[in-house]
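Okay, so here's just one chain, in structure tokens, the form predicted on its own.
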């Protein structure tokens, strides 16, 4: 008899298997998030917001009050809910396109205002849902549908380090970290700290998660993990970047 899969209590069993592609990192990030919510016993207080893009496939993943926003607008939607109902725990979940491209103005403004919400950005270095085009996070030399010869930093600039940018503009009390699906225990810990920071009313909470997209990367399992653990982590340093009471710290994989 095959054992039943272990899922977070906050997941909706009737919507599993989830809708993400095989090998996609979203399912792993959202499992970590579910476990963090379970550990903190806050399920009844959470409002979960997801963006357009691959993240929209999580609209029915949780047994949580859920809002699906327009592309790039998840952060202000969750900000509005939090301001109207401060006792709720508001989570904005999005990809790097929604967070660092069309939605970056909202991300910056919310961080500068020290909104008491938690923002999670899944970074897979490209626009996944629309076919794998170059994104703000695409690495130098990385081939995509719109950079078939590799990203040229001389023409398009260097990849956007969102967590470092957020850390440089937030107020005291904010929490900023970058985790990876290559270390799920660590990522769960960062998400839990981000949620606790919101619960305690200290400030803006932000976690970037390095994620995978073998469908658009056109990679096998071995190359997928190599790209995450070496290529991505070499540029996007994993670790806690800003901790309330300690200021900025150096991210260290």
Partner chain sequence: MSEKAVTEEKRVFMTGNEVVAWAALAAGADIMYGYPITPQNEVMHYWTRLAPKYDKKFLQTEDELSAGFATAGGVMAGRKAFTATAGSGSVLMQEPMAMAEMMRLPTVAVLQQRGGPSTATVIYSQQEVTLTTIGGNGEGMRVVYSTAGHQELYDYTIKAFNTAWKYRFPTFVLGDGYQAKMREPLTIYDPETRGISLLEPEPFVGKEGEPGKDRPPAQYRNTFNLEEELYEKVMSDIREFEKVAPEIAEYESMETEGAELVVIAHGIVFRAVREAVANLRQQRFRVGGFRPVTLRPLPVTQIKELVAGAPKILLVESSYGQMARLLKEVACGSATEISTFFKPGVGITAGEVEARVKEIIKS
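Residue numbers count along the first chain shown, from 1. Everything quoted here is computed from the prediction, not taken from an experiment.
Although not depicted, the form predicted in complex with its partner chain is the subject of the following passage.
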Could you tell me which of 75 to 83, 107 to 115, 138 to 146, 166 to 174 sits within 4.5 Å of its partner chain in the model of the complex, going by non-hydrogen atoms? 138 to 146
Are any of the heavy atoms in residue 101 no more than 4.5 Å from a heavy atom of its partner chain in the model of the complex? yes
Non-hydrogen atom contact residue 70 with its partner chain in the model of the complex at 4.5 angstroms: yes
Does its partner chain come within 4.5 Å of any heavy atom of residue 134 in the model of the complex? yes
Is the gap between residue 95 and its partner chain in the model of the complex 4.5 Å or less for some heavy atom pair? no
Three-residue site 24, 217 and 219 fully in contact with its partner chain in the model of the complex at 4.5 Å by heavy atom: no
Please tell me which of 40, 28, 52, 64 lies within 4.5 Å of its partner chain in the model of the complex, judged by heavy atoms. 52
